[in-house]
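Take a look at this one chain, the form predicted on its own, written out in structure tokens.
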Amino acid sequence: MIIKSLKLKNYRNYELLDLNFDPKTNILYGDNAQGKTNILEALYLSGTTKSHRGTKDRDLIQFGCGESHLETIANKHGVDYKIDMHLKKNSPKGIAVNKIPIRRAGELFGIVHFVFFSPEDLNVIKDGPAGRRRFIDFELSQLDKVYLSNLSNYNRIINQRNSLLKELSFQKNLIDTLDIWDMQLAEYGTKIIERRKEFIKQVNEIISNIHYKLTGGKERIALSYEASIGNMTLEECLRKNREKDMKFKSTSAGPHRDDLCFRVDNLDIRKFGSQGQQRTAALSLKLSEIELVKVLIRDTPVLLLDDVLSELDKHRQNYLLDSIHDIQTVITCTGLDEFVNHRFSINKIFHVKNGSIAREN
């Protein structure tokens, strides 16, 4: 799987852009705030319909313009797929694959698979649970259309349940309708928890060996899923917490409250690990994600590295670069020093400056 080209019109700081990528390594370098990350964001958007930064569509459109257009050509198993995406300020985005409009985001997933790695990902272990849930949801949504559908339904229902909990302060007679939302929430939430646990089991089969090598054989890592419902079913937990939920006007348990635990030699490194241990575990997690995707989709993902190398020491830089030689990679950096005296080959180099890009090799 590779990305052959990307065209942008009125996207972020790019009025017009036409880029052709090499099937192997592509470097985008330049000073900060020149538009390097915007390229990676546009690629990720074209495969997932979402910005990795959580930015709304209207904020991706160039200032002063009414809409934006992205065209990405991907090649999978020798077949080209042209993905057209129109972003509009006041209406939903329009998407077409090979000129055939699609109605749901799930129809786009599976054509191209991106693994996005940013400096923020190195803090996924020390930061709050929301980032760890986001990691699971982003990955599973690309891998599993059923999971994406369940997650979408769950998020819709929990918003409606929370709205109802707020309304109960004014309309007590609505309490009978809570059972309906609880039944649906339990149905979709249980499926989400089960699929997440299965995903963590799959990650564990890969991450242990990667982390062991990355630490020079000094540490063993294991992940576990921490469900906010404990040993109860979600249905039982919702029933038990109903009075508390009504008091605080929010749903206190479910997949939206769950977490992921990282243990190194039985030590919970979220709380007791050093910064070095946390960052090494985060790198192991991202490398495991790449390997897991290879296994599950029986193809290689496209790796987007957003200025990560500057955040790693030489040992971890080398390990990362050695691990990705067989997949298409688009890397952003402020300079080329990270690659000097390293056997990592660079196939295309682009200089990014003020929303324009020039190839340098």
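So that there is no doubt, residue numbering starts at 1 and follows the sequence shown. In this text, all values refer to a predicted model and were calculated from it rather than measured experimentally.
What follows is about the form predicted in complex with a small molecule, which we do not show.
Query - Segment that reaches the small molecule in the predicted bound form - one of 294-302, 310-318, 62-70, 43-51, heavy atoms within 4.5 Å - result: Of the stretches listed, the one contacting the partner is 62-70.
Query raised in the report: Using heavy atoms and a 4.5 Å limit, would one call K24 a contact residue for the small molecule in the predicted bound form?
Result: Result no; K24 lies far from the small molecule in the predicted bound form.
Requested in this report: Verify the contact flag for D31: yes if a non-hydrogen atom of it lies within 4.5 Å of a non-hydrogen atom of the small molecule in the predicted bound form, no if not.
Outcome: Judged by the heavy-atom cut-off of 4.5 Å, D31 is in contact with the small molecule in the predicted bound form.
Query raised in the report: in the predicted bound form, does R12 have a heavy atom within 4.5 Å of the small molecule?
Result: Looking in the predicted bound form, residue contacts with the small molecule include R12, since a heavy atom lies within 4.5 Å.
Query raised in the report: Does S323 make contact with the small molecule in the predicted bound form, using a 4.5 Å heavy atom cut-off?
Result: Looking in the predicted bound form, residue contacts with the small molecule do not include S323, since no heavy atom lies within 4.5 Å.
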